[in-house]
Every structure is written in C-alpha cells, then in structure tokens.
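Okay, here we've got a single chain as structure tokens, the form predicted on its own, with questions on binding and movement later.
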C-alpha cells in the first residue's frame, strides 16, 4: 500500500470518528460516502497546494479555459483511479462490509454541463492535468444543472436536478475571493486632463462567490482547479420591508441574483430567457477576469507582460464577453489607454468555434446588451467602429463583406465576430470543420486574417472512456500490448498485430457480450424491456437536435418494421438504443423523442416483430449512463447531415470501445475514415458539396411523391402508429425537411444492409471492431491539448 492510500484511509477513519462519532463498520452508508469523498478531496487539496507552489516557482504561463459548461460526470471513481488508490481503498471498505461500487452508484453526476461541448472541456481539463500543464477552468456553479429528464407518455418533462446534495462535497468554497459584478445603470463619460474617463452609476450589484472543484490527472503530481461562480445579492435580506409585512419583496434582490446560477441554458425563446442567459454569460466572464487580472497585477505590478504570462481561451461564443470585459478592466480599473488595452487583449485571447451553421452563431439584440451592460456596450460599439474603419481602409475590395464581419449589424451584436476580432487565434475542431470555417462561414475574416485560423481536432479522455468505462477491454489490451496506452494512447496501435488472433477475437466478442448484458440489466430495470444480447446493438446517443438526424434513424426503424410486419422480411435481430435530452423549449426535438418512444411501445406489443427488433429510449442521458451504454455498442450512429457537425466526440468514445461507425462524411467521421480505412466504417449519404448544391433547389415533397418506400414510411408516421398523432413530423418532412432526411434515406437504408451483411460474418465484424479500437490513437484528448499548448497557447508543462 502506498503512502497516499494510507493517508486517504486514515482520513476516512478519522472523519468517521470526528464527524459522526462512529467507526467505519458501525457507520451508515451515507456517512461512509461523505467520509470517502471528503478524504479523497483532502488528498487532492494537498497535491494541489504542492503543484501550485511549483507553478509559482517556475513562473509558468497560465491557461484559463472559459466555458459555459463542464460535463465532469461523477468524480469519485475517476479521482481514486487517477490517484492510483482505488484498489487499496476498496479493500479497506470491504473489511467493514462495504462494496465501493455502491458508493459509485450513490454519487450523482455534477449538473455542470449538457452535451459534447461540456464533456470536451472536461476531457481537456483531465488531459492538461495528466500532462502537467497549469490550467484553471471557469464556469458557473449551477444549482440545478440542465434538468432531470423524465419521459411521461413519450413526452419529455424537465425536473430540477438537485445534484449538489450528494456531489457538493467536492466543492471547496473560497469566500475570501468573492468579487462584485455590475448590471444595468448608466454610464457617464467625461473628458479630463488624463483623457476620457467613465463612471458607471445606478447599477445593480451581484456578488460572485467562487467554489473550486479539483481536477486530478493520471500518474502525475499535478492537480488543477475548476472554479465555479455562484451568484448572490450584495444586500440580500431587507429587514425594513420584512418588518412592514412585505415578505416576498424583502428577499427579492437575493432571488434576482441567485437566478443567475440556478440552471444551465434557460430557455431563451422569451425576453426574460434572453435576459437571464446574457446575465449568466457576463457574470462568470466578469468574475473570472477580475480574479485573473487581480492575481496577475498583484504579482507583477503591470499588464505589459500579461499576454506573456497568461492565455484566456474562449470555448465557443458563450464567453465572448471576455473581449470587452478585459478591455473594461484594463481601461477603467487600471487606467490603460485604448490602444495599449486592445494590444494586450488581442494578444491574450484565443477562441474555439464549435459550429459551421451561421444560424447557430450567437447574437444578442443591441437593446438587450445596451440596457443590461451599458459600459460593455459602449466598448463593443467602439471596437466595432474601429474594426469597420480598418476593413474599409485596408480591405475595401471586400465590398459587401463588411456586413458579414461587422460586430454590430442589423440591430444585433454578433458574438462570433467579436471573438474573431478580439482574439489572436481562431480554431475549428476537425479537419473538415476548420476548412468550412475558412471557405464559407468566416470566408471574409479569413481573407483579412489568413494566419489567425487553424485547426485542433477534438479528442477524448481514453482513461475515462476506455479504462474506467470498459475495464474488461482495458484488461485485454494490457495483457496483449502492455499498459503504455493508458499514458500515451498512440501505443494502442500495437493491438493491430492481433487482427488474425482467434483467441483475441473470441475475447473481444465475450467482452462485448458482457457489456451488453450490463446495459440490458439497466434497460430491464428502467424501461421494463428485455433485450436480446445476441442481437446487434445499434446506438445513437447525443444531444437531440434536428441536424443530428435521430429522425432519419427513426424513419429506417419504421421501414424495417413495415418490412418485417407486412413483407415477410426476417432479418438478424437488432436493438436500436437512443438516449438524448432536448432543450426545454425545442418542440420538434421533443416530438422526435415522442416518436421514438411510440415506436418502442408499438414494437414491444407486436409479437410479429419484437423478436426481430427492439427500440429503447433511455431517459436522462448523462456521463455515468454513457459509461454503461457506449461499451455495449456494435454500431455507432453518426448520421448528421454532411457539413453540419463540427466534430463530435461521441463517435470517438464509441470507436475506442469497438463500435463501428455508421455515418456521413461529416465532422471527425472524416478523420475516423482516414484512420480505419473504408472497409472498417459504413459511410453513406451526400457529401458537403453535394448538400450545398442540392440546398439551392431542395424539394422534399418530390422525394415523398416519387419514392414509394419513402411515402410508405412517412405515411405510416402520420397515420399508422396506434393512438398517436404525428402530423407535425409528417408536415415537417414533406414541406421542409431542412436537414434532408428524405434525400439521404435510400443511401442510409443501403448502408444498414451492408451492416447486416458484415455482422452476419462474426469474424469479419470482430476484426472491424478491433481495427477501430487499435486505430483510435489520434483521438486522445492528450493529443488535442498538446496541439493547443504548442500551437496556440505557447505554454509548457511544469517540470
């Protein structure tokens, strides 16, 4: 037993004694759970202190990663595994009659994220820590996270996710570092002998309280921190109003402030929703930058070296207010002139774009920004004026391109444009995505700043998604190629040497079967559906959005159902598994969930069909659930319309667990194709140029009327599901179909036939699976963050 294991075990025993007056054996599970997390957190705190000391001694360049979400999942198993103490701690608990797996199940997922954006940020924090880079993540301490998804009669319902009750033990409050964030009010500008000065009056003050969540790494001395801000009023309780009997008004200020840190992504289809989102974004940006600048100035007494010692990374457009806020701090709090403040700002900020869809690029109404953030708006206005003047003066040949590049245009503030203008680096997240950004989405910007655009393909933390989520596969890999892949995933390519090893192929099939049984047990418990673990598990798990085309998947399911029911088709058994959350105000996404649930119910009741196919929608998708689903997948559905998915990371997690991709040439599917070769992936559908060409004259009704197979499927969705009405989807498909489900349908069905053919040949399919596992090396987030560190941030690990 190593020293760290001894310390944690001793602290568990001490906490039980001091906090609960009990020894380990006599305590109840909740007490032991609290002691276990607290003791682990204490170990992380000690390592964090030692690491911070080294960072200061070496005057290392700091990376600050700004993200609206960090989907960390559960932390107990990850931290124990990373620290190398899991077996020792589990053995100690066992002596008192406890199974450590029970405590893993007790811990809820931290409600700090929603989908791929947040999970990517968490993977990067893990990898940066493992590699020894000093990094701090910044976000909001959401009290209720995104929401708890409950399906009632097929319809998604949202309920509060009270995760802090059991997972809040990881959060370390830092009341000594609270900062004030200001909203509303008026800005007065005055010319003095020192130039233009501003005064912000009549503002509403909100206090930002920081909580630190420590991030461990694998086999490293480093521990980094994720700083989460919680909002509260500076004057919460009004005793005078309470004394007058105005009980509600007496706490009104606190309610207004605390709403900022209640939930992630409040619905923004109303003015109030937009208002809250904007306040959330400025709140965490302002609090974070105030702390960063204060820390730097305290150490160096100047900002002339700020860009040399710090890099602030903007993850998507949610933290785009970093640009004007850093300008505000430098000018208003530290008296820098505009030109010098802009030089520092533009050399300190880097930006990652996560979408190619111009309609998805974040924009805010001018009136909203102006009223909520009056000082910030005056700075944005001046940035826009100077930027447009520069374009007119130096790039007049672009002509109408100025409207595309302007930060303020058409009564809207364009946040992506603000990020590009104010950052020294802009990157996409896959090879295809980055090319589309330069050639289309930000074409004019690329003409002006050709050296600013670059690419860093996304990656995943394989230690989480392979070693922890799929221990059986990890053990097989360790046995055959050693454990070097845990630290450096490129070593996994050695597994290719076993492509013709019958014993290894048999082991892979046994491991997949075991993982299917684990998932089947979960589905039986939660959904009441018994799965055939000898069937092909076809899995699509991701955020529910039209462009990800869960609807296309559902259309194929309808087609297969009709062929089995009426055409005498007798295919190999297939199980289709979905898990996804739809945004609370996203009607069509919720309708697609309702359709999938209706198909599941219909098929389960039909004795003619249910032996050949099953459909399951698993509610409340999250990291801990993904860790059960992903290792069980045979087929990974990555079927977004070509040119719409920036990268994807679910495709990488499924690939490394041996699932074979069925997808379009979109996002990182392109790079997966290059890694595994065309014989080990199922590609279908139009290419990005073909989509662009068809979009000019796309008429879905012509596909509906001209293709009997499509008409049969679409008509069945409208009229064929007993007791259900899906006119909304029927009309959507034949009159709109913005992501061209009908155009790709035949190709998609043909790809499924190729899947069936391959799966029927057990050896062939297992070899395809092995190829995907062995060639997943480039998709490690270790590689991604190294690309960021060396190519964009210009920082080095701590020695």
Ligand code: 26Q
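Model, not experiment: these values are computed from the prediction. Numbering follows the first chain given and starts at 1.
What comes next is about the form predicted in complex with this ligand, which is not displayed.
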item	value
Of 392, 547, 297, 104, the one that lies within 4.5 Å of this ligand in the model of the complex (heavy atoms)	547
Candidate from 233, 623, 100, 267 lying within 4.5 Å of this ligand in the model of the complex - any heavy atom	267
Option from 109-117, 139-147, 441-449, 595-603 whose residues, in the model of the complex, bring a heavy atom within 4.5 Å of this ligand	109-117
Close approach of residue 647 to this ligand in the model of the complex, 4.5 Å, heavy atom	yes
Contact flag, residue 343 vs this ligand in the model of the complex, heavy atom cut 4.5 Å	no
is_contact(residue 715, this ligand) in the model of the complex, heavy atom dist at most 4.5 Å	no
This ligand contact in the model of the complex: residue 178, any heavy atom under 4.5 Å	no
Neighbours of this ligand in the model of the complex among 431-469 [non-hydrogen atom within 4.5 angstroms]	458
In the model of the complex, shift in Cα separation for residue 382 relative to residue 268, 3 Å or more	farther
Sense of the change in Cα distance from residue 620 to residue 266 in the model of the complex - at least 3 Å versus the shown form	closer
